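Quick setup: one chain, the form predicted on its own, written in structure tokens, and binding and motion questions come after.
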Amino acid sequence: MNRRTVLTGVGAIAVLGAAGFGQRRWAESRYADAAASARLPMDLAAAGPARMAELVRMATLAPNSHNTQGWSFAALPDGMRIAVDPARRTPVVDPDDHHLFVSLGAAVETLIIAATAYGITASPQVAADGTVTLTYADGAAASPLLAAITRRQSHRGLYDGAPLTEADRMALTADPGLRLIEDAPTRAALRDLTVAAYGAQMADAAYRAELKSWLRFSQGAALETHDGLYSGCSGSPALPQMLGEGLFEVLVTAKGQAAALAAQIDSAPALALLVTDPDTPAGRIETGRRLARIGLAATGQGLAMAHVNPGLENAAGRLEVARLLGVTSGRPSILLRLGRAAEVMPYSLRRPPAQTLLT
């Protein structure tokens, strides 16, 4: 889903484009305030439209492809309708909208979990086109995953390599749809497949152009859209947007990015695979729901998580992953790396509810 490793190559030369110290501090402060605002604790006293907005704010914190936030919400008298936003497609990397619907499913599940804070059970019904209608009813107990919603993030840095604990494994595999991979030979095979696929993507002009359109090299650029892949979330210093875009073409090479991704995968003690079966809009949404639950469970254990999907974004790669892991039915959909983070990273931004909630 996400290609944030690319930002590390550009960030290495940030000193060339450094703005004034005071201006940088001001932008950093604005960015931090915006990120924190999206992750404020839920207002448990909210009612009516304010409650709708709170639920949408929580839902938008879900993991999603390229941080495109490809969803829209419509308030209903007794629930919510959630649909994909086709204007936010990534047709080069995701030509059949697989990840778009997985992202939608993650938002649906996050909203379902958030609704339990208000004692609401949100029951989903998925239409043939993938539109989800949630119907609310009273009587839900608060979900044990609730507290992790505002803390979860896709952590794009290196992990410390420490093996998972038995408690970690139990929390992650509580969802039966997860295949946890910890043995070194299989992880190495998946790493090599993933790195080769990513190198090929980074050598493709159309892929690079699409990726570049979602890169935010400065806090100001990220604040203009509240979406996309901000360089600071990969541990790289900020650059003026125009300078970053120019240097991207010169310094970000297929070989260099493949090596960076290999190091990230090697730092993780475990990989995990989600399989979509059947590979329909409803099946993809169900995968996204599982992804949301697994991400929140990992967060609750103090684990970091990030997507490493290039090997699954072409048919040949999916076949090879299926062979390696003995998948006999369904589509290998999401590959994750898991571990404990070696450093703290900023949170990415989200569009406010007013931009995604139709009333």
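Since the structure is predicted, the reported quantities are computational estimates derived from the model, not experimental observations. One-based numbering along the sequence shown.
Although not depicted, the form predicted together with a small molecule is the subject of the following passage.
- Contact between Leu229 and the small molecule in the predicted complex is found at the 4.5 Å heavy atom cutoff.
- Looking at Arg340, you'd find every heavy atom of it more than 4.5 angstroms from the small molecule in the predicted complex.
- In the predicted complex, Val102 approaches the small molecule with a heavy atom inside 4.5 Å.
- Not displayed here, the small molecule is approached by His307 to within 4.5 Å at the level of heavy atoms in the predicted complex.
- With the partner omitted here, the stretch from 44 to 52, 293 to 301, 317 to 325, 62 to 70 that lies within 4.5 Å of the small molecule by heavy atoms in the predicted complex is 62 to 70.
- Think of it this way: in the predicted complex, the small molecule has a heavy atom of just one of Ser236, Gln257, Gln153, Ser218 within 4.5 Å, and the residue is Gln153.
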